[in-house]
Structures are given as structure tokens and as C-alpha cells.
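One chain is shown next in C-alpha cells, namely the form predicted alone.
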Amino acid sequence: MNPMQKHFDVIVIGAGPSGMMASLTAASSGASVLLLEKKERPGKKLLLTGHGRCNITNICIPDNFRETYHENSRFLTSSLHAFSPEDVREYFLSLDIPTHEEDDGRIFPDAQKASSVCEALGKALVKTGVVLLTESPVKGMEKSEDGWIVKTESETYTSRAVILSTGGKSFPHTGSEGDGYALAKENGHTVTELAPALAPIFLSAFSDASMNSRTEDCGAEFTLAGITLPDVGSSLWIDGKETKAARGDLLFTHQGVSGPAAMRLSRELPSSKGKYEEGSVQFVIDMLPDLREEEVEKTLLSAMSENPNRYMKRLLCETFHLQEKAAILALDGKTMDICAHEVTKETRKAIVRKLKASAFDVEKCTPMDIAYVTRGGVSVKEIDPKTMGSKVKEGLFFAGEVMDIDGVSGGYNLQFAWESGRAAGLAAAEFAKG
């Protein structure tokens, strides 16, 4: 960069995945591009995706995008078909990042490292002539007669077009601190209510007091933290009504539950601050989702009849292929170590109910800073779905999580980052040259 250069065709604010894609696309289309990043390096949040392996996209899209991107999924129709998951794979192959498919259609780089994807994008930025300035937080942007004025802490730049790709408000240590929402509001855009999505769920039973009480009741060895229940049913109940259900692996943590099933449901939690009233919000686990309740009872009754002297904990594990600690969910301290022939009909039915619906009170809404994705953002009603261009201010474009779009886990949010970044980059470059 010429130290005197202060004007560019396109300025991109935020060097996450969508910002880097937007910059690369605009530069490849012949535009001069300045990419401004507030942190010391680009792609910090990208390094965390896929548990550090970078789940680039999902091959199941676009067949399931209407359900996996929730209420605003229709907005993605154009951009998704213009840059599909297969197109994303071909693009990264052109950057020497071959990919492979894993379960549920998830696509990962063969190197199994998010850092390899970051490095490839960084090299491409240099190759295409994008000017990247790190540690340059944007303090303001405003429309001028012939373009835009963008101010950082130390400099002022001008451009014909601006792409806002600042991310959401989750994982703020990566740079996603919600800056883009303020910039969008200052330029006439509406920002919908923000809430955590793809987050662990805090359960009241896992608070220190509750766990101490339950440990004394069930034995010192009782703890679910670190246990994974594979392919279970989960549902969220609010004020006695089922709000949403999901199926998948469930991981117990020291604070509650995580894993794909819980994270899908977390976006439905009431966003009120503080603790929920007892019983108002519940997370319910169905450990045997392929069996109806009457089938579970019939199977259990048969097993108890055939093994009258078997301890109930062992019986449940053997009959339903449950882990020992998972079986404890359906038992209390009194029934865990009694024999099958000692169990009353009432107790048996209670065990069956717990196998099919173990209910836990949710303690509170998950803090935003530990959510993987932000629900809400710049209203898509004010954005052109083909170009990602603002309907409010000419020459302003958006890319990625700053918009009111969020998907389920499994490569869906990165797919949106790539496709929206590409659409914004193409349109911004065309606008600038025009």
C-alpha cells in the first residue's frame, strides 16, 4: 500500500470469513480493496470453527436450507444457488485446500486444520492485491456525495462502496463485539433483537447446591459431566408447552448440556436476563427416541420378569444399551441398587417416564459471550438478497453474521459467510466501477 493512498474502490470492514471472501471477490473483479480488521490478525473466529478443524460447508445444502436457517431462510435463495457448497469446495481447491465429506454432510479440509484455511485465504489476499490493515478498528462511517468516508482511530479513508462484515456479538474475544450493529444503525438500518444461538444450555440441577445435594443422594461417584448420550431426543418446553425438538448427540458439561441437539435448541431460550422461574423453562431428554413409551414399558417389564434378581441399574444398561451414568438419570438413590423383583408398578412406570422424558429446569439464558453464533442482526428486509446491498444507503453492502441470519451447526454458518461475502464482493466491485 502506498502510504499516501487513502481512496479505494471498496472498503471492507471486518476480516472474518465473510469479509475475506468479499475482499477477494471484489479484488478479483478488478476493484482496489482495503480490508480493515480490529484484531491483530484476520480470521480469529474462523480458527475456532469445527473444533479447530474448520467445518467449511455442508453438502446437504441447499436441500434443507429452509429448515436449517430458520425464519429468514428465504433470503438465502439467490446467494446460495449462485455459490453452492460444491462451488465452495471448488473455490478452496483452487487455493490448494482439498476437502472431504464426513457424517451429516459436513465438509472439512483434508489437513483437518482451520489454520490451513486461514493461511490460504491470507495468501490469496496478498496475491489479489487486497490491502489488509490489522489493529484498525473503525470508529465511524458516513455517506458522502460521491461515496463513503470511513474513519479508524488514526486515519480517514474514502471509497465508492463499503462492505460491512463485522460479525455478530458472540465470542467477543475474536473481535465480534457488535460494532457493526452501531455502524448500521447510524446509517439508517434496523437491527433486530440480539440473542445467543448455538450455545450450551445451563441447567439448574447442575448448580453447585443442586449437584451437592444429588451427589449425596446418589453416591459420590455421580456426575454426568463429560458423558455423551449419542443420538438422543431433546426438546425445550416453555410454560408447559413444547417449543422446539431436536435429535442428536448430547454432551453433559459442568454447567448443563452442550452438543448438536442442545445447541440447536439454545436459540429458542427466552432472552430475559436473570434466572428463570422454577419450572418455567425445561430441557427434556428422551433417551430412547426410537421407542414409544408403551414399547419401553413392555420391554422393561419383560426384562424384569426374566431377571428378577438383577439390580435395576445394571438391568437398564443391559436392556437399553445405556451408559451406567446415563441410566442413573432414570433412577433415584432408592431404586438404583434394588433388584427388579422389588420394584413396584408405580416405580416402574416412573422409570419409564424418565427414560422417555427426563426433565431439567433451565437456569437462565446462555450468556452471549460463550455462544458460537448471534441470533438477530441487521434486518434482511432492508437488504437486497441478490447483491447484499443496502436498500437504505447506496453503496453499502453486508456480508456474514452481522445480518439477521443464523444456521444450525455443521457448516451452515460458514456457508452463509462464503456465499454472502461473494455476493457482496461482486456487487460492490460492480457498483464501484460503474
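Each residue number is its position in the shown sequence, starting from 1. Just so you know, these numbers come straight off a predicted model, no measurement behind them.
This next part talks about the form predicted in complex with a small molecule, which is not shown.
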Requested in this report: Mind telling me which stretch in 94 to 102, 312 to 320, 72 to 80, 137 to 145 gets its heavy atoms within 4.5 Å of the small molecule in the predicted complex?
Outcome: 137 to 145
Report task. Please pick, from 36, 396, 383, 27, the one residue with any non-hydrogen atom lying within 4.5 angstroms of the small molecule in the predicted complex. Result -> 36
Requested in this report: Go through 266, 159, 176, 234 and name the one with a heavy atom inside 4.5 Å of the small molecule in the predicted complex.
Outcome: 176
Requested in this report: Check whether residue 23 has any heavy atom within 4.5 Å of a heavy atom of the small molecule in the predicted complex, and answer yes or no.
Outcome: no
Query raised in the report: Can residue 423 be called a contact residue for the small molecule in the predicted complex at 4.5 Å between heavy atoms?
Result: no
Query raised in the report: According to a 4.5 angstroms non-hydrogen atom cut-off, is residue 417 in contact with the small molecule in the predicted complex?
Result: yes
Query raised in the report: Would residue 50 count as touching the small molecule in the predicted complex under a 4.5 Å heavy atom rule?
Result: yes
Report task. Using heavy atoms and a 4.5 Å cut-off, decide whether 196, 366 and 375 all contact the small molecule in the predicted complex. Result -> no
